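Starting off, we have a lone chain in the form predicted alone, written out as structure tokens.
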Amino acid sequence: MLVLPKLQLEDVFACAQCGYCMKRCPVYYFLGWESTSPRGKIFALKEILGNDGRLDEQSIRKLGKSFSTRFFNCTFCGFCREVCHVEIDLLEIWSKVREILYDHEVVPESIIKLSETVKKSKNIYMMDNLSRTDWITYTGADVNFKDSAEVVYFVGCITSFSGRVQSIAQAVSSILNSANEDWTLLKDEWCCGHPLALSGAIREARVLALHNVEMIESTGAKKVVTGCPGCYLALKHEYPRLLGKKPRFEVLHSSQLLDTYITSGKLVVPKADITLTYHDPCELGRISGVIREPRVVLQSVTDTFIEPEYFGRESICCGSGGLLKAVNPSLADNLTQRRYGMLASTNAEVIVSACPACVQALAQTATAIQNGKRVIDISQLIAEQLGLM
């Protein structure tokens, strides 16, 4: 049975069809079809929704993948929710619809492939999960594996497996060591489950969440730090809902930890004669509200910090979110190029972000452009300034 929960049903019919969301939607900016905009998707739902919240299964199957693709041609950047004058939680609607579509196998083939990959290999790359810690050998990082510790560093799939950003893990590790933190890596870290949650595979995401929470809590750690906004969102916000209880540890993004270290004087970062700009990752800034902390960290490094066009809660998505790269890679690339252009136009020497997926996408675009800017993670910047890398 295809049923939209009562709260989301009420939100669908509360939509005033004003179109404010269309003006800010990065996907609509390029595709131009109203059917792919937030307003268009809400209109489509109204057409097939009954007053009891039942979705017309026959209509969905008749529309098939074309209907499904509307809801997966989305970066989950949250801008539509941010500007909604009726304060509709559009991200929650998109999540519930994806869950329904996944349960009834009406999703793009790439989403099925991705979810099967994560379920089988416990990472998004279909790699042997035993190789998750190979980055230690590649980077020469000084890491810890302990039975108990005060802090767990949750690395995440992208930072663990993608060679372009594995030095982010090296940077975070070196900073934890420099701060004399009692920390450890997990001996058997699995994907955080956020990609499965975005796929609509909620039951499967719950399995990963349960494993990771049990592994973390077995160490007695009071804090978990991660440099990935997707992992941060999963650990801090998705796990309590998936598991029906709040885990017994605090979750910090690496930028929050750096802010704490620098503000308290635990780390003293030398100033650099360098011009920086910063890209707010959607999942960290707009969705999770971590906006102030990265700026405190960056302004401890330089006196010349330039905000790009659209920043903070109004930051423009770089195209890496919502599994868009799996569903529509060319569209994702267009979004990346657009955002890179905004950041580069500041004339800053270095573009900084706080997300391995954002850094990877923006760096790839920079590499393809002659005289492209250097793109790095905030943890790499601090580790370099401290002479740790």
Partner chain sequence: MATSNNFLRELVNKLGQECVSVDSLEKLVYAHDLAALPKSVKLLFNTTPDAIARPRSIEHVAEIIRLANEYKIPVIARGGATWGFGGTVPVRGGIILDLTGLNRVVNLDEKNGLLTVECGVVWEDIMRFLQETNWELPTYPSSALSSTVGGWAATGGIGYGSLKYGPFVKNVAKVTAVLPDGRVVVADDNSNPNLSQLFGSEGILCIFADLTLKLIPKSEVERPFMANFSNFANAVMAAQEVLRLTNPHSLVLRTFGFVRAKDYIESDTYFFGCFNGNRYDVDRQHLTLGSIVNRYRGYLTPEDEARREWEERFYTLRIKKWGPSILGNEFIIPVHKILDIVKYCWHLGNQAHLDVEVEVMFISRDKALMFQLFLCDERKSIRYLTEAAITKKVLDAAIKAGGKPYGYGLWNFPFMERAEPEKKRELKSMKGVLDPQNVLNPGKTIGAELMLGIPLPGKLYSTFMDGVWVLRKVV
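Since the model is a prediction, treat every value here as computed from it, not as a measurement. Positions refer to the first chain, counted from 1.
Here the subject shifts to the form predicted together with the partner chain, a form of this protein not shown in this document.
Scanning Val296, Val86, Ile306, Met126 against the partner chain in the predicted bound form with a 4.5 Å heavy atom cut-off leaves one residue, Val86. For the candidate set Leu55, Ala44, Ala326, Ala344, a heavy atom within 4.5 Å of the partner chain in the predicted bound form is found for exactly one residue, namely Ala44. Among residues of the shown chain, Ser66 is one whose heavy atoms approach the partner chain to within 4.5 Å in the predicted bound form. For the chain shown alone, Gly19 is a contact residue for the partner chain in the predicted bound form, at least one non-hydrogen atom being within 4.5 angstroms. The partner chain in the predicted bound form is approached by Tyr28, whose closest heavy atom lies within 4.5 angstroms of it. Heavy atoms of Ala366 never reach within 4.5 Å of the partner chain in the predicted bound form, leaving it off the interface. Highlighted residues Asp11, Ala14 and Gly40: every one comes within 4.5 Å of the partner chain in the predicted bound form, counting any heavy atom. Proximity to the partner chain in the predicted bound form, taken as heavy atoms within 4.5 Å, picks out 309 to 317 from the listed stretches 309 to 317, 219 to 227, 108 to 116, 287 to 295.
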